[in-house]
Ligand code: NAP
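Here's a solo chain for you in structure tokens, the form predicted alone.
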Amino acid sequence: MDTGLAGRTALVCAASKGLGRACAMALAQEGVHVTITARGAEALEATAAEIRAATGVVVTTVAGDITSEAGRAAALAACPAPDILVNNAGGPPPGDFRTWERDDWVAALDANMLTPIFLIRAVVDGMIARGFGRIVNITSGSVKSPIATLGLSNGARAGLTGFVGGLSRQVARHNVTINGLLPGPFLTDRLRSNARVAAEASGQDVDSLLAERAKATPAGRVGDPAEFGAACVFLCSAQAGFIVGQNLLLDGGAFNSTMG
């Protein structure tokens, strides 16, 4: 399938590792010129070099914290008029809500609700004027099936999803779509980090917990980030213009429901 994306531009946030990296690589393989952001400059440059070597597209790097005003300004200065925006930011830590203070909640909202909204605000009118735009928000499977220990993420990401549900239907007539990608367990640093926390609490080892997590899914495994990148490409493709305000769950069938 020709996705119709060759020559377009994308801003992909938190893209030095994990699912953001997978999305940037997959878009670049379709001929999209990507601007990628991350806090760690060294890992960011290494990823950029890999994408360039694999695809030959233009890759621009912006080291900084996308959840800060300065980080967003730098990213938008480097890529002021993207055809594609992939919102992504590391999720807040797991824990017990009884221990979270107001600052913990504000940080979660800043990173996982307000940052995507501010970036959407910055680029959506340009997309409307050009008659093409694809915005993909990487959120979490917890949006549909809350995870008890990830209350900060549950709340912040659900807030973003509710906001996008309204906005996406206002801009769809201009061939601008906004959708969510909801990852379940994918083999990323984030999954390993959460497994380490759980291992310390339970006395088990990390690999055993990851194996248990894999067996718990109907697919019998955790996801490959490349699969996630391919789903992102499809939502960004020219053929996906009729997919509006949806939340695509990639979890190996773990969420048990007749209706997605």
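When you see a residue number, it is the position in the sequence shown, counting from 1. Note that the coordinates shown come from a computational prediction; the quantities given were computed from them, not determined experimentally.
In what follows, reference is made to the form predicted together with the ligand, a form of this protein that is not presented.
Shown alone, this chain has one stretch from 39-47, 24-32, 231-239, 195-203 that lies within 4.5 Å of the ligand in the predicted bound form by heavy atoms: 39-47. For the three marked residues, 89, 138 and 191, a heavy atom of each sits within 4.5 Å of the ligand in the predicted bound form. For the chain shown alone, residue 249 is not a contact residue for the ligand in the predicted bound form, no non-hydrogen atom being within 4.5 angstroms. Taking the partner from elsewhere, residue 67 is found to have a heavy atom lying within 4.5 Å of the ligand in the predicted bound form. For residue 14, a non-hydrogen atom is located within 4.5 Å of the ligand in the predicted bound form, even though that partner is not displayed. Within 4.5 Å of some heavy atom of the ligand in the predicted bound form lies at least one heavy atom of residue 157. For the stretch 101-121, the set of residues having any non-hydrogen atom within 4.5 angstroms of the ligand in the predicted bound form comprises only 112.
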